[in-house]
Every structure is written in structure tokens, then in C-alpha cells.
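Starting off, we have a lone chain in the form predicted on its own, written out as C-alpha cells.
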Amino acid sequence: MGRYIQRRLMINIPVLIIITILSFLLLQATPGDPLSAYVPPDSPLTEAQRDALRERLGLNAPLPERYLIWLKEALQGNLGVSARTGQDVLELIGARIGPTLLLMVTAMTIGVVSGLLLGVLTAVRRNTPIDMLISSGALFGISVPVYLAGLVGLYIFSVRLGWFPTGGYTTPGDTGFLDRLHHLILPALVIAIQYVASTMRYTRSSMIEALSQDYVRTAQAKGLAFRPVVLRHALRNALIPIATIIGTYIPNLLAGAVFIETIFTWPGMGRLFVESVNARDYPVVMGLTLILAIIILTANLLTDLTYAIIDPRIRYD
């Protein structure tokens, strides 16, 4: 196991560097002058002042040199200073990562747990009216874009019915657990819709295949009750392909967070990313790209390691 983790880490390092190189090149290829992010619109600079500022920021250096300078500083834990706010980038991201992780973990927990339960139910009750109803709902859930679900959910449950706040992380002056939960429920449910549907469909398919295997019939022939056979034997074997799908949820969750955090004014990394792109705040965009890439690569590694927990036959030599 240890050697496997070392090998994966050695593979992930060049992947991470390639991601940062591509992000750096794409940012440099965007139209406009990067210097504009550092100059207030109401305080124009002379050409000499602009040249001096460009020299001080290192924008006159060749592109490879600028990237290597950024990479060297990033390896030392210095991601630069925000051009928009003047804050340290690492501190700025650190303040936003908590709300994003809270939203992602809640949405993923709802999506995976609900999807597994519905998938097992529809597999056991295959071709019954409840199976057809849940499967139709899952097809609808997969088909609805997350931003559309967010806008519709916000309009119906916040604007029209008033069940949930229209946005924000907490109510001003109230930082209690229940208030934060009240703000969290709607955006988390909106994000979870697709993952409930996707997990349910994969679980149903995998469970139907597992229930048709000889070991299930043998367990039933030995007199074991149907519920332990389903949960203890069939479900455990069905979880192996499902774990792969769950591992792919992390990038999609981060992408969905960009839309949902913007719609619900949630103070997370997704909203910070949108604000930084609009403001051409390159240091923050590069810092976010690095942090998000690390999160995704770590999630992929944990997914691989989960296989050994689910199936003891898997060994990493």
C-alpha cells in the first residue's frame, strides 16, 4: 500500500505541474493588459508609471521566467497577493475553502446516501411501479443543469414560498448552527439532485447484476434471510464500480459550486473564482487552480484506496 501511494504521488506531481502550466498560459492568452487589474479605473497612470509598475510586478520578464518565478514561490507556500483586494492569496483562499467544503461534503453525502438507498430499493423491486417512478425521477434529475435547478429552487422555495433564505452563509448577527443549517439546506439539495440520480442509476444496475450471481442464490439456498443477502453480500460487491463513479463527483461538485455559490451568494471558492476572473485577478486565479487541482488529485487517490476497503481481494503491490 505504501509503495502504491508513493507511485501515485510521483505520477500526480507532473500532472499538477502540467495543470498549472496550462492555466498560466491560458491566463496570459486572455485579451487585455494584466496590469489593468492593479490600476483603479478612476486613477489612470502615465505611460512611464505603467512601465515602472509593470517592471516592479515582473510583467516584463519572458513568459517561462514568470512561470518559474511563480512556481518557485508557490513551492514555498507563497501564492502572491490579490490584485483586487491586496490580501495574501493563501489567506484569501483559506477563508473561502471552509464554506465550499461544507457545501460539497453535505451535497455529496445527501447524493450518495440517498442514491444508494434508492438504487437498492429499485433493484430489489425491479420493474414495479415504484421502480419506474424512481427511475423516471432519476432521469429527470440527471437532465436538469445545476444552474437551472439553482435558479428554479431559489425562485420557488426562497422567493415564492419563503422556506429558505435567498442567499448568504449566515444571517447578519446570527452565527448559530441552526441558522447556518437553514442557509445550507437549499444549495446543498440543489447540487445533490444530480448525484442522487446518478448514484441511484449506477447502484440499480450494479445491484441487479450482483443479485443474479451464483453466490447470492447459494446464500439464499442455505437459508439466509433476503435482507442480509442483499446488504451484506450483494451490495458490497456492487459498491466497487460505484466507488469509481463517486470518485468522479469531486470535479463536477467543484464545477457546480461555481454556479451555486454565485446564485446563492455563498462565500466559497467557486464564487471567489468567478469574482477573480471578472476582475482579472491572476494571482488568485492561479492560486485557486493549484488548490483545486490538489483537491481533485487527492480525491482520485482516495478513491483508488477505497477499493481495497470495499474488496479485500484487491492488493496494491
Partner chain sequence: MTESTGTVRYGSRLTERQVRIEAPWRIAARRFTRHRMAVFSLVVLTIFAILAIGAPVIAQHDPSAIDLRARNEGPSIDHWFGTDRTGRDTFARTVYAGRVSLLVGVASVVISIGVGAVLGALAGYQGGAIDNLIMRLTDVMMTFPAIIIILTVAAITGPGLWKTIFLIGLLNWPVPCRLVRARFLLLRNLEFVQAAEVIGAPDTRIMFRHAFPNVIDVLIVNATLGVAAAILLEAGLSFLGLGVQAPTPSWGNMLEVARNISAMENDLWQWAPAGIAIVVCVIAINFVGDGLREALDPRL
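Because the structure is a prediction, the values reported are computed rather than measured. Positions refer to the first chain, counted from 1. Throughout, rigid core stands for the largest set of C-alpha atoms superposing within 1.5 Å between the two forms.
The protein also exists as the form predicted in complex with its partner chain; that form is not presented, and the subsequent description refers to it.
None of the heavy atoms of residue 133 is located within 4.5 Å of its partner chain in the predicted complex. For residue 255, a non-hydrogen atom is located within 4.5 Å of its partner chain in the predicted complex, even though that partner is not displayed. Its partner chain in the predicted complex comes within 4.5 Å of a heavy atom belonging to residue 145.
Under a 4.5 angstroms non-hydrogen atom cutoff, its partner chain in the predicted complex lacks residue 177 among its neighbouring residues. The listed set 221, 75, 159, 105 contains one residue whose heavy atoms approach its partner chain in the predicted complex to within 4.5 Å, identified as 159. Checking 113 to 121, 237 to 245, 146 to 154, 177 to 185 against its partner chain in the predicted complex, the stretch whose residues place heavy atoms within 4.5 Å of it is 146 to 154.
Looking at its partner chain in the predicted complex, residues 48, 60 and 87 place no heavy atom within 4.5 Å of it. Residues of 268 to 282 lying near its partner chain in the predicted complex, listed in sequence order, are 273, 274, 277, 278, 280, 282, the criterion being any heavy atom within 4.5 Å. Fitting the two forms on the rigid core leaves the C-alpha of residue 15 displaced by under 2 angstroms between this form and the one not shown.
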